[in-house]
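Coming up is one lone chain in structure tokens, specifically the form predicted on its own.
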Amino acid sequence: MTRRNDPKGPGKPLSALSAAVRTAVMTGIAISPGAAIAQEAIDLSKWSPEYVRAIAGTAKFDTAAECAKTVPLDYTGRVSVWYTGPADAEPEITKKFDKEFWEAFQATYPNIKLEAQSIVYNDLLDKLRTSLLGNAGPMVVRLQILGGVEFAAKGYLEPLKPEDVGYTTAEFWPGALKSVTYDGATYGIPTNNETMGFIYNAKIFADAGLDPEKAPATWDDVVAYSKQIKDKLGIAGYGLVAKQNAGNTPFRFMPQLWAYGGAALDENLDAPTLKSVGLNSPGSKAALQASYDMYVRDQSVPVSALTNTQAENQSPFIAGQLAMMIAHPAEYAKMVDLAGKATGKDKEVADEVVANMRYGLIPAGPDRRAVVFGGSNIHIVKGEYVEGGMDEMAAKALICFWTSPEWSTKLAWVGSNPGNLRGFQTEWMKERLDTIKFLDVTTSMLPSGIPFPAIAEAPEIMNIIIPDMLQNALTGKMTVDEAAEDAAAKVEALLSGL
């Protein structure tokens, strides 16, 4: 997809803008974000489903006014950007806001020529790697949270922090900023943040003799509940995911690993060095043992777990043949959609599953409660690698717009959360909470989020070495201890460049 804006187009008339912004347009003087209505500071120490609901809708923001502080609204220039836009199967509201975002940016900055290209999620990293080798990259790129550090480490990205586009570091989650920090410098700004929740079927819990209104509190409970469900009902308890070379696997296994006190490196620490290896620690081995116990000892998870992604858990869950799984808030909407397509007796079962679907916090372990801090970040590519050269002001205008409280909320509508913390105070966040069931539960997991290690080798560690460790243990190719030691040795070799 390519969108272009005619620099001579009319854009938004001055009369439609606030007085402060009109002044900025006519004089070229940057204005303070104080043009936004004053709001209370967000207190992360109070974070909970109740607090998230309490602050939603308490403040209003003027995106044009905030971005005019960094780039005057009459600026003339050009910006190119690559990102992953909505897929055909995504909800219409996602497509609606994507369209409205580009229209709003062009109306606010009518003299910036815009070239935006949407690239399929699984193709974006490879296409960017190839383009940069030929000095044909975009000025701006939004990447999944695991992608940016690779390009920063290779020298392709410009340093970029919230202050560069008119915001403050305090407006973004510390965990999210870890994911764009490499070798002491910040190379991007979070656009959206994702944390998942623990989903279970309350009827299956009741039928198995468990409390239908209480999610398992600990990972030890998950192991025990999974066995009890399998023994009493003959169906799978927990939707274990262990597919090799698949991102779904670390997103579901790492919360368990961190909870038991393990780590890939030392990313679970407040000030990680990312130089020590933790996959052979007692905590990592305990987490691997728990997965082994469910798959091998108790046989309480799907036998297809070795080749499953989360997508393969959806069919047995909606059929009432799987009790527990980890997923996004959008999973509820997916189950409603699947139930709507079912017929006959299958529909009766599916409707019952939807009615009994519950979300809880990701279980805790002996060390902590943890979840993968996911999402996306936006970056500026160094000018020498950009096709046609760099226009830094135009790039910053787009990034300011994208990471604003308004648009970081709207563009994260169904399955994520605003990267800008002030997005939680917007009217749009209140609407999301009122219309997206269980969103408050998954949002409340954000303080427990841990990003994957911010090093160039992270994709191989997370998507290859850790799934291989699981496979080695679950298939009996190695013992739990051997599998953990083997994975640790592979990480050591990878970090050493061997």
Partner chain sequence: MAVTSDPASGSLRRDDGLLRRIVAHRADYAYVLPALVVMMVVIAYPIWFTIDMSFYKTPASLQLRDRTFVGWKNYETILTAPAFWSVTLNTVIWTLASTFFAFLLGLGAALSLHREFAGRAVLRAILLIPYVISAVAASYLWKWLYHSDFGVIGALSVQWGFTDKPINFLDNIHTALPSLIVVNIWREFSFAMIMLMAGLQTVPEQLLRAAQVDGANAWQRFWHVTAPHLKGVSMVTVLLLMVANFNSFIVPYLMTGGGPAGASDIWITHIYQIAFGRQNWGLASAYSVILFIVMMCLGYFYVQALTRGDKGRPE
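Numbering follows the first chain given and starts at 1. This is a predicted model, so every value here is computed, not measured.
There is also a form predicted in complex with the partner chain; it is not shown, and the following applies to it.
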Options 359-367, 296-304, 272-280, 200-208; stretch whose heavy atom lies within 4.5 Å of the partner chain in the predicted bound form: 296-304
Quick one: from Phe101, Trp413, Tyr292, Tyr385, grab the residue that has a heavy atom within 4.5 Å of the partner chain in the predicted bound form. Tyr385
Listed residue (Pro316, Pro110, Gly175, Gly261) with a non-hydrogen atom within 4.5 angstroms of the partner chain in the predicted bound form: Pro316
Can you tell me if Glu457 lies within 4.5 angstroms of the partner chain in the predicted bound form, counting non-hydrogen atoms only? yes
Within a 4.5 Å heavy atom cut-off, is Gly134 in contact with the partner chain in the predicted bound form? no
Please check if Gly155 has a heavy atom lying within 4.5 Å of any heavy atom of the partner chain in the predicted bound form. yes
Are any of the heavy atoms in Lys347 no more than 4.5 Å from a heavy atom of the partner chain in the predicted bound form? no
In the predicted bound form, residues of 222-249 near the partner chain [heavy atom within 4.5 Å]: Lys243, Gln244, Asn245
